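Quick heads-up: the structure tokens below are two forms of one chain, split into structure 1 and structure 2.
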Structure 1
């Protein structure tokens, strides 16, 4: 191990433990030299059999690390994403995610342990002092640095211990494999999936109060009120697909204000008697929103404080969001229930790089 020293020429310096250091000598520039402890040889320095045993231990740790990483990928492919297992203290979790995370963690641990064991048992363990010097040295210093690098590489055993070298390279080659698999599982571009929601499945889709589960009538809403809502039939879709993807896209908020207070909408006559419907998903990074200020008609995102004016077509008035909140056209059906008259005119959720 190498230390750099540039100690001031003053008395009364202290070591890392708070004790006073007794400097014995100075170098040619008058700087005090920190005395180093006498090097005690390790058993691997004097016993070739111990060194060989440590080499095999390092190789086994690298091998275990690579095997765990490969096993994580295999488990991710083998288990269905909807298959659940019970884990103590955690509960019911996805078997695929559990084994992938566990084996990646173990693989990273074994590779790290192998590197530490290699450094502590087989690499040179002597301490040395190297004084600081200007950033760019002269040609002689640079040649000396290159020579030291080559000597260090030789002393590390990377070239002379092929078992360690090969197992390390194998483990490190497998290390990025789980990450590649995870990236590939991100699926296709979200552009088309976010462009279509359940609100566009029918010409008129009834609106359900998310809290009570009841269909919404216009008279259920008072001026200044807000209702979190979902499309009728959403629960059935969730049961069929086993996911909440459609809920994430189709959740909306309903607000009611005096029609005279509506400054602008995203289409002609998109409110119904002052009732407006907007996506519940912030256009910044997709946080759900329902913090509504009645007096200013401002909708505030709790994540990054993006603020939208719902009386002015959901326009952004503050914060990092770059797009207004998507709006639904509203009406009532023959039975007097509030309905959406089609899908959003644009993709819901956060902006992404493919969107023009």
Structure 2
């Protein structure tokens, strides 16, 4: 192949004298079809030295890839999983993760790059053309398919024996039923579980400061203060059943504000000297909220930004939540501990169909 013949064709699409366009060639919509550009030879096609150079580059990339992979194996042996090293601009990182990943990653990258380079430089650079065959079957096939199907359908009697057809359809319609029914024991029936929390188990429930594990006394709380709390005995339940279900319902926050700042509550006198107890579980979708801004008494949910005003009966002031945060009635027992007097008046947490 001479060099001349490999040069690109003169593009004369808009040039009547170019003579490169066969104006007879049109597609089925009548648009002209430009002929395929002639293959421009690559440097590696013409210059054997360039081809040799590309060959060496590919070989080097494969070698480098192999070497990096071997290095990765060495790094696996060399570094303990907990060893840390400092890498500029990245920080203190795990030596094992850094070296293993870098070496295996580079190794894999170089192998891939070698293959691509090989394909681009040394494998055929000339475009090939394939034909698209119509997807629609030819008339004969279609006719034959229809005919054979009709024959089979008639032979089966599906159409001529309605009794068989109907009973079969009826039986098959029932087929998925056992599959669904068998899922019944995935979980217990909800019953009234979502309506009760541990706070309702006793007439008076002492309140545990979740951080310190101590029972809360009113005088522990500063004005502007916040305590994340749970009912007394919850930790014991945890020990017995190992579940977190009760935490997801019974967690509360205690806040204290100046009694004069309380605008409204869900029940008359449910606070104790300015201490208010609200559910910690958002009424929207149940995220635990204790982002309490003591200056504005706003309680903000970090998930969807619902905001509640704890000085105003836990009212929704912003966001997608539809209902106020349920409040607990507080009091003090004979020994001076802060207690909850009964359960929440409504289910805590996200809504559900039967909630009412």
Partner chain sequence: MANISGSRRRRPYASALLLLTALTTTGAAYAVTTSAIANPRTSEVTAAQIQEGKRLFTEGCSSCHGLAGQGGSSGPSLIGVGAAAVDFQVGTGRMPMAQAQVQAMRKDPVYTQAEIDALAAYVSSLGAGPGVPDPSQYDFSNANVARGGEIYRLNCSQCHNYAGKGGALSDGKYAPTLMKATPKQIYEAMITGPQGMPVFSDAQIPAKDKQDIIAYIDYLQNAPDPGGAALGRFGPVTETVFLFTAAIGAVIAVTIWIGAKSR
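C-alpha atoms forming the largest set that superposes within 1.5 Å between two forms make up the rigid core. Positions refer to the first chain, counted from 1. Only a predicted model underlies this, so the values are computations on that prediction, with no experimental measurement involved.
Comparing the two isolated chains, structure 2 is the one taken from the form predicted in complex with its partner chain; structure 1 is not. Relative to the superposed core, residue 45 undergoes a Cα shift of 2 Å or more between structures 1 and 2. With the core held fixed between structures 1 and 2, residue 83 has its Cα displaced by at least 2 Å.
The Cα position of residue 162 differs by 2 Å or more between structures 1 and 2 after fitting on the rigid core.
On the core-superposed pair, the CA position of residue 68 changes by 37.5 Å between structures 1 and 2.
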